[in-house]
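Encoded as structure tokens, the following chain is the form predicted on its own, with no partner shown.
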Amino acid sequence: MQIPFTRPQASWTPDRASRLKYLCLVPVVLYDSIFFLLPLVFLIWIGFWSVENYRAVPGFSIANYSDIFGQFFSRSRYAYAIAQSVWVSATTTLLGLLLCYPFALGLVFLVPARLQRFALVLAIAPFWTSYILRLYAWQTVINTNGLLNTVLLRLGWIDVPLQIIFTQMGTRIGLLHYLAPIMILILYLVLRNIDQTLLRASENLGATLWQSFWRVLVPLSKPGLVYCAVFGSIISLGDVLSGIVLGGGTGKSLLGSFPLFSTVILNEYAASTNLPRTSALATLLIAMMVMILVLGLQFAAVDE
């Protein structure tokens, strides 16, 4: 009896898979190292330099940080700018979640499956246009003599034009327009992957629609909510365009007329030759973003 010849197949061992995995990670690691990690390390390093004869001198000195914290509440009032940034960031993120979560729910549970991709494309379409163009477009809408006030005055709903431009409310509008597409996308993907049989099971067990929402749907979508909160907080904290174009640099808010911390950094860079001091200020902003990221990852890990 002749045994048929079969060509031996190469076995796919875990060791080979591991080597291939690390090989695929090389381009990503190189890209992040060259375009993100190295510039970040260089920025932090410059913060410890000093200035002599209007020139930055490499070295290691904490004089920049001592000077910053020395006038934290006095002349430059960096503390108030930080508080303003945190306030605007937190409230903008909360508004974004309150607006985008119901929208994502509607996409998943109300829009037919065959139309969901098209509806999602329409929802994230604003992200394809230039951010600065969107901000200037909002200026024509919320300006004192803009489209919104003109329509409301013609309808007789208001007697005095609304003061939205050059306030922190204007800043929030610009930030929300920037954040909404990404928040909707994140929440849609999370909600889309939730096993809907769990919702039907809770309904069969006697839960009301509201109980199913709070006790089943919201806990299962918590990771998406946390990721959106982290994304919204970090972007709102570091953004400078909305605060300048729509907020006027020093917009009025509940905390008073203080600029955002990102605006303070930009003004320091434009008006000063002390680059190490500006780098130290930027490092403080980065440290705040890292703290938000770490806290968000902790909450996400607890939820998982």
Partner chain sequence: MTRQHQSWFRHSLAASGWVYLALGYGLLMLPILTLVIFSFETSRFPTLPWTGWTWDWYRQLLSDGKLLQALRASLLVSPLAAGIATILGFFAAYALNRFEFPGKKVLTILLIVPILVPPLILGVAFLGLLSRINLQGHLHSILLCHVVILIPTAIALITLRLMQMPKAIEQAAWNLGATEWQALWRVVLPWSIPGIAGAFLLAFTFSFDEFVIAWFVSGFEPTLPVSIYNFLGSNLSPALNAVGTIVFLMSVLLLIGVELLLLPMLLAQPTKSEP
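Small disclaimer: the values here were computed from a predicted structure and weren't measured. Note that the rigid core is defined as the largest set of C-alphas that superpose within 1.5 Å between two forms. Numbering follows the first chain given and starts at 1.
Beyond the structure shown, there is the form predicted in complex with its partner chain, which is absent from this document and is the topic of what follows.
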- Task: Pick the stretch from 156-164, 214-222, 86-94, 127-135 whose residues have a heavy atom within 4.5 Å of its partner chain in the model of the complex.
- Result: 127-135
- Message: Check for me whether its partner chain, as it appears in the model of the complex, comes within 4.5 angstroms of all of Ile82, Leu198 and Met291 - heavy atoms only.
- Response: no
- Message: I'd like to know whether Val28 contacts its partner chain in the model of the complex, with contact meaning heavy atoms within 4.5 angstroms.
- Response: yes
- Does the 4.5 Å heavy atom contact test between Leu205 and its partner chain in the model of the complex come out positive? no
- Query: Even though its partner chain is not shown here, does Phe60 get within 4.5 Å of it in the model of the complex, heavy atoms only?
  - Reply: no
- Are any of the heavy atoms in Asn145 no more than 4.5 Å from a heavy atom of its partner chain in the model of the complex? yes
- Ile234, Leu191, Met169, Val226: which sits within 4.5 Å of its partner chain in the model of the complex by any heavy atom? Ile234
- Residues within stretch 226-256 having a non-hydrogen atom within 4.5 Å of its partner chain in the model of the complex: Ile234, Gly238, Val240, Leu241, Ile244, Val245
- Message: Quick check: Leu255 between the shown form and the other one - does its CA shift reach 2 Å or more after fitting the rigid core?
- Response: no
- Core-aligned C-alpha movement of Ile46 between the shown form and the other one, 2 Å or more: yes
